[in-house]
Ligand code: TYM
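Coming up is one lone chain in structure tokens, specifically the form predicted alone.
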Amino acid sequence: MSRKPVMLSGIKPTGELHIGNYFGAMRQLVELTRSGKYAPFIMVADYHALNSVQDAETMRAHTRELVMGYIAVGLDPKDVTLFKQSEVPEHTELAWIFDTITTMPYLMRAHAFKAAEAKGKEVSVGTFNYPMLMAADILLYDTAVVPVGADQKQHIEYARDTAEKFNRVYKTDTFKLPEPYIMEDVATVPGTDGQKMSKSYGNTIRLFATKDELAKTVMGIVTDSSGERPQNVYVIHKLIRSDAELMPLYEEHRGKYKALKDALIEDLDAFIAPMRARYEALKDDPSIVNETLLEGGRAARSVAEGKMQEVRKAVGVA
């Protein structure tokens, strides 16, 4: 087993990938993996996704698309343990053990619970309890760092609190305390309507879209006719070209929104094309995804089983 510190990231298979996913997290995760500083564990968080995806075929499809997507954008299966959460039953076993030392008022502080409650939603037990499953995800692998945006730091705080409490209650040093790796350069990617790009808003640009699909989506970007520069077009364009490159283009076509959208289509297509080609190749050869998940599941299970042996002894069930 590698002596490098473990880096763990979990991604929910909840829908089609879009450029917000890429610039907001996928790109940074690939760069961290390539840095060689960590032993990366990348988890498809399908049990977490059950809170919102409740159709079996949809779950299977989204899971495969997510794995293909990460490989297509540059994640090399040889350099990472890429696995499905559901293939490692120790995740849910450990979550239950954590439940027994966790209070309801503590879980009621979670951002997701408070947000749902504020909207008057009836909260599922899975939504309420997800911090404990997430703590199990992180702590099973002696994780050193978890890459997150600044707004997700609470996830790591829950894992740290839970590790400290378990160690204190059972008078052990079973769990190491993970640290958040705050990804400072995470881009907040605007959607086609100017809001944050999100599947729930229906304002996304598909990550592996064909040029025709890109053209249709980009031409639908909302613009403000009172300005000389279409801001929603410009901020998306800035993701793939620098200000220095874009300023002359936008000056030359001041007020000519169609010409600027055409330029964005060409640049997006050129940027996406290599990744799209790899994605399509993976669709033609499903064995790559199958083998990646098989090997990743075995590797993750081996580590998780070892940690759970320690946990069971600590709590007295073994």
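Please read all numbers here as calculations on a predicted model, not as lab measurements. Don't overthink the numbering: it's just position in the shown sequence, from 1.
Beyond the structure shown, there is the form predicted together with this ligand, which is absent from this document and is the topic of what follows.
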In the predicted bound form, Val311 touching this ligand (heavy atom, 4.5 Å): no
This ligand contact at Gly296 in the predicted bound form, heavy atom, 4.5 Å: no
Partner proximity in the predicted bound form: His18 to this ligand, non-hydrogen atom cutoff 4.5 Å: yes
Non-hydrogen atom contact Lys238 with this ligand in the predicted bound form at 4.5 angstroms: no
4.5 Å heavy atom contact with this ligand in the predicted bound form for all of His48, Asp137 and Thr188: yes
Listed residue (Leu264, Ile272, Met43, Val67) with a non-hydrogen atom within 4.5 angstroms of this ligand in the predicted bound form: Met43
The single option of Ala95, Ala209, Ala215, Val148 touching this ligand in the predicted bound form, heavy atom within 4.5 Å: Val148
Stretch in contact, per heavy atom within 4.5 angstroms of this ligand in the predicted bound form, of 216 to 224, 112 to 120, 140 to 148, 241 to 249: 140 to 148
Neighbours of this ligand in the predicted bound form among 7 to 26 [non-hydrogen atom within 4.5 angstroms]: Leu8, Ser9, Gly10, Ile11, Lys12, His18, Gly20, Asn21, Gly24, Ala25
